[in-house]
Ligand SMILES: Cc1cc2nc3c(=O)[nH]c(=O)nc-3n(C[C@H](O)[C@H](O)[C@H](O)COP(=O)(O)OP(=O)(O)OC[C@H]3O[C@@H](n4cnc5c(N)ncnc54)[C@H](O)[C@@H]3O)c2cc1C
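Below, in structure tokens: the form predicted on its own, a single chain.
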Amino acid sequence: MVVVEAFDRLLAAMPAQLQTYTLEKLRSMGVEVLFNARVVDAEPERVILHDGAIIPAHTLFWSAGVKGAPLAEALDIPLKPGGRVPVEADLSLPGHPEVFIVGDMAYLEQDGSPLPMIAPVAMQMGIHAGKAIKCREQGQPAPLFRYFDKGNMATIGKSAAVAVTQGMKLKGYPAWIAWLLLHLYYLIGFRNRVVVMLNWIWYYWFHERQVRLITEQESMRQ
């Protein structure tokens, strides 16, 4: 397996020591990591990098980040990188206090850096926008938005993960357990939590992997 990373490090949002652990763990699993490399083309049997290098490959997983919704381009205002719309501190559109923009389309800097385009930011923005609209309807000023970072997690493999929250850094098995418990907590319904937990236990002890196939059936022509 080969991981192609456009930057000079993995998991840029993580502390340096967790980045180093992730790289060492992947390499110990036989994964080759290429830094400062970009994929410019892909064919059925190979992947082509920006410098002309070719990697023979049958399976390609592409992860290139996200971009603001195309609606942003219709607002006729200068956009920030990623097609994002700069917003006021209360998430309203500059010059239009009646319009709120949240999620990946909103660009807001906090503590000198733009907020990342991730689900927790979008969820907190959505809740804030609802409260701001309610305040406006009641004739009160809309509160300012501030993102509360609960931390970041990433799994590397079986019994291996990295996590950082409120200054606390975890790696290896403890971080992996924390990742599992957190995902179980956010599942909806007690039954779903039990079923998922039992499946995880079964796969962990018996090393079974589910095979998921996406197939497309062509219509029959007469």
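Just so we're on the same page, rigid core means the largest C-alpha set that superposes within 1.5 Å between forms. Residue numbers here begin at 1 and follow the sequence given. Since the model is a prediction, treat every value here as computed from it, not as a measurement.
This next part talks about the form predicted together with this ligand, which is not shown.
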- Query: Only one of V33, V39, A69, L182 has a non-hydrogen atom within 4.5 angstroms of this ligand in the predicted bound form; which is it?
  - Reply: A69
- Message: I need to confirm a contact call. Of A89, A122, L79, I133, which residue comes within 4.5 Å of this ligand in the predicted bound form, counting heavy atoms only?
- Response: A122
- Item | Location of this ligand contact in the predicted bound form, chosen stretch of 22-30, 164-172, 41-49, 61-69 [non-hydrogen atom, 4.5 Å] | 61-69
- Task: Using the partner position in the predicted bound form, report whether V102 sits within 4.5 Å of this ligand, counting heavy atoms only.
- Result: yes
- Contact between L75 and this ligand in the predicted bound form at 4.5 Å, heavy atoms? no
- Does the 4.5 Å heavy atom contact test between L93 and this ligand in the predicted bound form come out positive? no
- Query: Does the distance between the two CA positions of A72 reach 2 Å or more between this form and the one not shown, the core being superposed?
  - Reply: yes
